[in-house]
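Shown below, as structure tokens, is a lone chain in the form predicted on its own; questions about how it binds or moves come after it.
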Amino acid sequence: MSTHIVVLGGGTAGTLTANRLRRMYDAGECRITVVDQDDDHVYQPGLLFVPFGLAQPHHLVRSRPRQLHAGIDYQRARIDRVDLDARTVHFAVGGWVSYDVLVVATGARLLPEETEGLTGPGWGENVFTFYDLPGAVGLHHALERFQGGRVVVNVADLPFKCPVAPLEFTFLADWYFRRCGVRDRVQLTYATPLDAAFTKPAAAKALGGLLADKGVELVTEFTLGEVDGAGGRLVSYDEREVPFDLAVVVPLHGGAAYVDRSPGLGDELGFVPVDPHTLQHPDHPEVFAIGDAAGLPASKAGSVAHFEGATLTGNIARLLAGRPVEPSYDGHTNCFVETGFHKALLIDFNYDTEPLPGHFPGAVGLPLLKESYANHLGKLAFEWLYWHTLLPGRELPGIGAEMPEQGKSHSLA
């Protein structure tokens, strides 16, 4: 009887995991099933561009099952819970599936209703998010109507996926309003729960400098407690207020709802705690987590899921062969930061090394921590790579899962 690997989630992490595993095992050796509640695979990095008219919503959505290699079963179902002792996944409409190995890849869930007032008066009128497709489309229409005033980009709290996206939105808003000829009538503010523009010191300095250069006010240590849409106020837990005419909010994030209904699977936020280097659950060795669903100190970004993929699939193979798993994932994260005016900045880091200046992936390559047109082209090229290389589970030529040291300058950090 063949081994059954069940992958929960057909997004970035789940799709690339299933495809990598299918390339490793033939159908007689291993049955692979992917479970998701809908059939729409959204290219999430593209949501950033929708509000500015730089991406069309229908171009960002493709069929989930069509991204999977032949020989992978796809089951459309809403998950009710996971029974870790019985090694079964139960569905909301009844029925269940058993597994030998379980991969949790159901991502992060937006929880706007958890912030007082966020989904109240003003939601979809002068308060938006671009972190889902309906919100990005609504924000596009709002920006088309906007003639001036106070625009606040706010991160409610940590953790959240794609940590550079709110900064990118702010940079693109500066570009957009200048292109529309109304920048002098717009006050841009970036409000974050962090004590700087970003978590890593060198990147925080570079990105904070860009905000200042573009005339963007930076409000730090601002953890969102309440949204007053009618009065145009964001209120922090320490009762500071930031006024707005248009608020762009990154809501609170949590894990998938079924994780909370599955004793022993997740943490208090609904993310799945796993070893940061092996991606294996500490109490259930047959359970792994990848991507945004994993409770790791790594960023919740698409590049992380890609780099984790090699470790995860390798460790599943070791587990099935009766060999010890290897702690090979180093927290490698790579992010293009769109800064407007056909430029972008690139950061590359891991658990132990913060973003450094230099070049990626080696001594000759794209500049790090520096705006360039080449990085902008890299950002745009990523969409093709996403659909044709990352999701199919292929390696990126010249770019390994481990963070490269070559080309980085520690002395200039």
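Computed from a prediction, not measured in an experiment: that's the story for all the values here. In case it trips you up, residue 1 is the first one in the sequence shown, and so on.
There is also a form predicted together with a small molecule; it is not shown, and the following applies to it.
Peer 1: Taking Gly135, Ala156 and Leu207 as the candidate spot, are all three within 4.5 angstroms of the small molecule in the model of the complex by heavy atoms?
Peer 2: No.
Peer 1: To verify the annotation, which of these, Val272, Ala173, Ala256, Ala247, has a non-hydrogen atom within 4.5 Å of the small molecule in the model of the complex?
Peer 2: Going through each option in turn, the one that passes is Ala256.
Peer 1: Though the small molecule is not shown, can you say which of Tyr329, Tyr190, Phe130, Phe222 has a heavy atom within 4.5 Å of it in the model of the complex?
Peer 2: The option sitting close enough to the partner is Phe130.
Peer 1: Is the gap between Thr313 and the small molecule in the model of the complex 4.5 Å or less for some heavy atom pair?
Peer 2: Close contact is absent here: in the model of the complex, Thr313 is far from the small molecule, nothing within 4.5 Å, heavy atoms only.
Peer 1: Within a 4.5 Å heavy atom cut-off, is Ala293 in contact with the small molecule in the model of the complex?
Peer 2: Judged by the heavy-atom cut-off of 4.5 Å, Ala293 is in contact with the small molecule in the model of the complex.
Peer 1: Against the small molecule in the model of the complex, would Leu48 count as a contact residue? Criterion: heavy atoms within 4.5 Å.
Peer 2: Leu48 belongs to the contact set for the small molecule.
Peer 1: Within a 4.5 Å heavy atom cut-off, is Ser63 in contact with the small molecule in the model of the complex?
Peer 2: Ser63: no contact with the small molecule in the model of the complex.
Peer 1: With the partner removed from view, which of 40 to 48, 354 to 362, 341 to 349, 367 to 375 is the stretch that lies within 4.5 Å of the small molecule in the model of the complex, judged by heavy atom distances?
Peer 2: Heavy-atom contact with the partner occurs in 40 to 48.
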